[in-house]
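What follows is a pair of forms of the same protein chain, given separately as structure tokens and numbered structure 1 and structure 2.
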Structure 1
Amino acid sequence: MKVFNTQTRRKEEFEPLVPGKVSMYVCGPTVYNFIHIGNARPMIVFDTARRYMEHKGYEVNYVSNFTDVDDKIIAKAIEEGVTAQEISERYIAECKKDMEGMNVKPATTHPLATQEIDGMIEMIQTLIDKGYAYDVDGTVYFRTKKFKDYGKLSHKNLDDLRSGNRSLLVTGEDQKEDPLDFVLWKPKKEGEPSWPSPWSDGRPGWHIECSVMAKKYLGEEIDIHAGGEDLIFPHHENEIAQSECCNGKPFAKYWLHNAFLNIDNRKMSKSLGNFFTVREISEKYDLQVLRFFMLSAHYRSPLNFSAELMEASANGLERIRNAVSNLGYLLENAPAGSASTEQGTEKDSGAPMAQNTAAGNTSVSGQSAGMTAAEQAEFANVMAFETKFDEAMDDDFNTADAIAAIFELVKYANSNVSAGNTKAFIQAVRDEIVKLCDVLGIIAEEQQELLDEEIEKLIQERQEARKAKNFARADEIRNQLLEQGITLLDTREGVKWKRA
């Protein structure tokens, strides 16, 4: 598998630090509002990278933070007359709902900046002790000139940046030794959330949180660090400086950055006001369509949002789901076993299907049990689509080509699988489409509605769980039903239920 490393500016063979395991850190959102679909791009593309690595058999430890202390959060709290914590908790919960809608898996750990202050103070102290940071009246700065590799990720000309930022030294930031020095800790202003520290009652700078959380949850050296390309400088450059100077080790082996989601060819952003929230999009489209749209382009290519492209994505997704549903129909109606051959049906090629004489002959895969010999041979063609899919994903997560491979498989299924095939073959082709879609986080199967009897059975089980004081299981059942749009009403006559 090859990945494009921003630091070396080339595609490199991916070799994790520990064979079979991947440690991955993705910078998460600052939570002061609903996320927009620009923020959704890194969530979707790096969730897909994670899923693909899991598909390849890696165990992925995926960490993504929520920045829950920040100027914008504080400003919003003041505007609403509530605490900053109330704002961040509200939008973390909303963000998680959006992630679920987009089928983005929860991270292994979602740390919160405000819960990691001790670790930040510790890292800042180490940097001061080693001479990489200095305190001026309660504000601690990182001494960029002391870190020889500063700028290695962004390949920026630091002298140009320095002279371009000279003005900083005369406009309020005159305490700094160098215009490129950045804040690690700052004293509180009136009314702001703050924590005690050796330097002042205050709060951490933004960059330090990611260095600390990556170290705590993944270790001093990690495999992949990712985020949107606007984070390359200064955020990721500064993370490298902090982590490498503190730990004395290289920080991340591979740096991955997604290009922007644009609208009218300009970056979608809160500050420009040219954004759609994920929530707004969900009112018009199934969020699976949004996911499909995001994956229809390579993650390093800019992607322009438009209603036409969303329509095209909706149609593409529909084409895949129709194929899966047709295969499901064939499956329901196909006779059990290899009955079709008993009916003497012939394949498109005209070659008669031989009776499966070697049930359990798994020359292609375990799935081939129950297929006719001809189908078993044919199944190699089906597997070739998976090879194509894997080759695309192995090439720096080329999801556009991976989707093209799924479309080819769908086309194959539409024209080659018929009622004349065995259940085993139909099932295997259907499973293959569903599986490849699942690697991309695309749900290709219609969600089955629960039947009335199944609901009654679950309610019964919930009653028994409650009687046995197993409230965790009782809640789990209630939530499971809720996800299916079924609400329970505990009445004097017993439990009643209704569909939303």
Structure 2
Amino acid sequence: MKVFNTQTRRKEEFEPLVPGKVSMYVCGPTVYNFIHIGNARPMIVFDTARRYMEHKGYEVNYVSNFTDVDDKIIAKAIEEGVTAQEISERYIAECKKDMEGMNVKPATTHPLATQEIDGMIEMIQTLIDKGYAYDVDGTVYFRTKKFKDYGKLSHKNLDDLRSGNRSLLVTGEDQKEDPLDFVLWKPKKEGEPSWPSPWSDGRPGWHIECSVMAKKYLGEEIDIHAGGEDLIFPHHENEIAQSECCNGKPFAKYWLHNAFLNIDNRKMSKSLGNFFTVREISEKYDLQVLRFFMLSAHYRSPLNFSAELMEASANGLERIRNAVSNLGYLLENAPAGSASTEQGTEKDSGAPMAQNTAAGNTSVSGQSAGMTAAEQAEFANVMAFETKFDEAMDDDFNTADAIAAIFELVKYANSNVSAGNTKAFIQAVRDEIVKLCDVLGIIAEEQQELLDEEIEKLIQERQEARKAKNFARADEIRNQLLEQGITLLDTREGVKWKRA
């Protein structure tokens, strides 16, 4: 498996620090409002990376924080006349609801910045003791010039950056030794939450929070640090400086960053009126559609959000779900089958079975019980789609090509699986689609179990009304279900349903 490392600017073979285990830190949101779809992209793409690594057998320790102390949180609290803690707790809960809707797995640990203040004070003191930080009237700054590798992640020209900020020193608006020095600790202002420290009653800078939480829950050296590309500089650059100066070790082996999300080819902005929260999107679409959309492009490619592209994603997801649903209906009436019925199966299927005895055939022997001999050979073709899927994901988590492999499998299933196949074969093909989708966090199975008893009775009553030629009642029930968000589809195989 190869990943693109932002620091080296090239794809590298992934080799974790500890064989079989992966330590991964992903910067989480600042919780002062509902998360927006820009927040959703790193959540989805790095959750998918985690899922794929677990699919490959790695044990992944996945840490993603909530920044629950910040100027924006404080401003929101003052605006509403409540505490900053009330704001952060409210929007952490709302964020978790949206994550669940997008099928983002909970992190192994979701640390809160406010619960790690002691560790931050300890790290800052270590940096002061080593000469990497200094106190000016209760504000503690990191001394960037002392860290010779500062800038190694962003590859920025630091002299240009310094000259661009020299006015800060000239005007006296800043007491920093160097324009690029950044805050580790700042004194409190009136009405702000604060914590006691050796330098002042105050709160930590943003950058130190992630360094401390990554160290506590993953260790001084970690495998992967990930986030949006807007965090490369200064946030991740500063994390490297703090962590490596404090610990005397490389901080992260691989740095992964997703590209920006645009709205109708324009940068998302409240001032432009094109700012969308995940909650707003959920009012128009199943959030699985948003996940499918996010994975339809490579995570390092800019992604353009539009109504047309969301509709295309909805159609693509429905195509997969319809295939899985059709296989489910075929399963209900399929013959059990045996190896001795090979010829009959070929005839009944309406499509000749390819006698593929490629190497992939050996990997499916455990799944082939109950299949005919022809089906066992044919299933090697099915497994070839999984090989294409894995090859795409092994190439820096190329979800776009992975989805293309799933579509090829869906096309195969629609063309080559019929009521004449054995249950074992139909089940195996269906399971393969569901499995590959699950690796991407895409729910391929319609959630029929979500129908409560009352709705199930209404569907049955409608069937009985139609048999009795009471079409008025049947239509009445259909409309009643539609009002509850359930659309009925009358097919040759029976009544299907889906969310409206």
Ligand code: AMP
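Residue positions are counted from 1 along structure 1's sequence. Each form is matched to the other, and the largest set of C-alpha atoms that superpose within 1.5 Å is called the rigid core. Keep in mind it's a predicted model, so treat the numbers as computed, not measured.
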Exercise. Of structures 1 and 2, which is the form predicted in complex with adenosine monophosphate?
Worked result: 1
Exercise. Any chance the CA of Val434 moves 2 angstroms or more between structure 1 and structure 2, core superposed?
Worked result: no
For this session: Look at Arg50 and decide if its Cα position differs by 2 Å or more between structure 1 and structure 2 after superposing on the rigid core.
Result: no
Problem set entry | Shift of His36 between structure 1 and structure 2 at or above 2 Å (CA, core fit) | no
Exercise. After fitting the core, how far does the CA of Ile477 move between structure 1 and structure 2, in Å?
Worked result: 29.8
